[in-house]
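Shown below, as structure tokens, is a lone chain in the form predicted on its own; questions about how it binds or moves come after it.
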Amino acid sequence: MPDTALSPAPEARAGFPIEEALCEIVSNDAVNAEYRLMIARAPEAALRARAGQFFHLLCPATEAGQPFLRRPMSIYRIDRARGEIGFLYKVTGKGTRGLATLRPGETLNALGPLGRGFTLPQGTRHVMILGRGVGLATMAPLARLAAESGAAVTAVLSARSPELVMSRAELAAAGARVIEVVDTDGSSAPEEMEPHLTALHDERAFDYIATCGSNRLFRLARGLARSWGITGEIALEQHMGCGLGMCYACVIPVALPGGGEEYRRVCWDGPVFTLEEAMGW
């Protein structure tokens, strides 16, 4: 397994922990018909990123114009030994089309690391990861975090079809047992997954669940966590303005322990929330 040293992060030196980093593009290649993987050399401050955090990326202009706002992008890979960070992204709009134009040797302007990442409870022995689509980008660093903490990892990768399943090699390299479920054969349906996951729990009990990428997976994960009496977290996505908690453009309602709800900022209070406080993906 590569020496990524995701956890614990090195002690931060004196200075502001969030920086506007100028990162040299190493590669920016398509991984399938919809997604691309961008690797960039990053300075020390950016390499302090933790699983679940994100960067706010300045996207280059294209013929379609200059994106007005940066784009939040979760961290897919942190390789401190090589001094590199990676982003797995789907080309869907003006911002990500701009990112797709970056070539090796060009510069990516990345503000971060930002937000609150995953908190793996001390003594965790077996982690279940449920991810779908772009949500799998957030899960890969968590698998390494868990493995480096001595926990076993079972990762369930969900996709519309087998050719769109991503991150299997990344998660397997992190030591995770990888299970693929897809829409085309019905195996990704929650009613099909629940008995399978319950059988895995009976075989070797899970004590932490993390999910990202789907409301169906969120509801399944929360129900299983409640049934098994364990904790869990979800990484959320939201359109953002500043990414620093100042503009309140990314607020969402969250459930309070005693009942009721309040609004919180995904960029500042998240993007990772507990399964009990989150109200949807």
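The first residue of the sequence shown is number 1, and the count goes up from there. As the structure is a prediction and not an experimental result, all values here were calculated from the model.
Quick note: we don't show the form predicted in complex with a small molecule, though the next part is all about it.
- Interface residue among 80, 126, 77, 71 relative to the small molecule in the predicted bound form, by the heavy atom within 4.5 Å criterion: 71.
- Interface residue among 93, 121, 175, 190 relative to the small molecule in the predicted bound form, by the heavy atom within 4.5 Å criterion: 93.
- Segments offered: 132 to 140, 102 to 110, 167 to 175, 146 to 154. Contacting the small molecule in the predicted bound form at heavy atom distances within 4.5 Å is 132 to 140.
- Put simply, residue 208 is far from the small molecule in the predicted bound form: not one heavy atom of it is within 4.5 Å.
- In the predicted bound form, the small molecule lies farther than 4.5 Å from every heavy atom of residue 49.
- Interface membership of residue 182, defined by any non-hydrogen atom within 4.5 Å of the small molecule in the predicted bound form, is ruled out.
- The small molecule is not shown here, but in the predicted bound form it comes within 4.5 Å of a heavy atom of residue 238.
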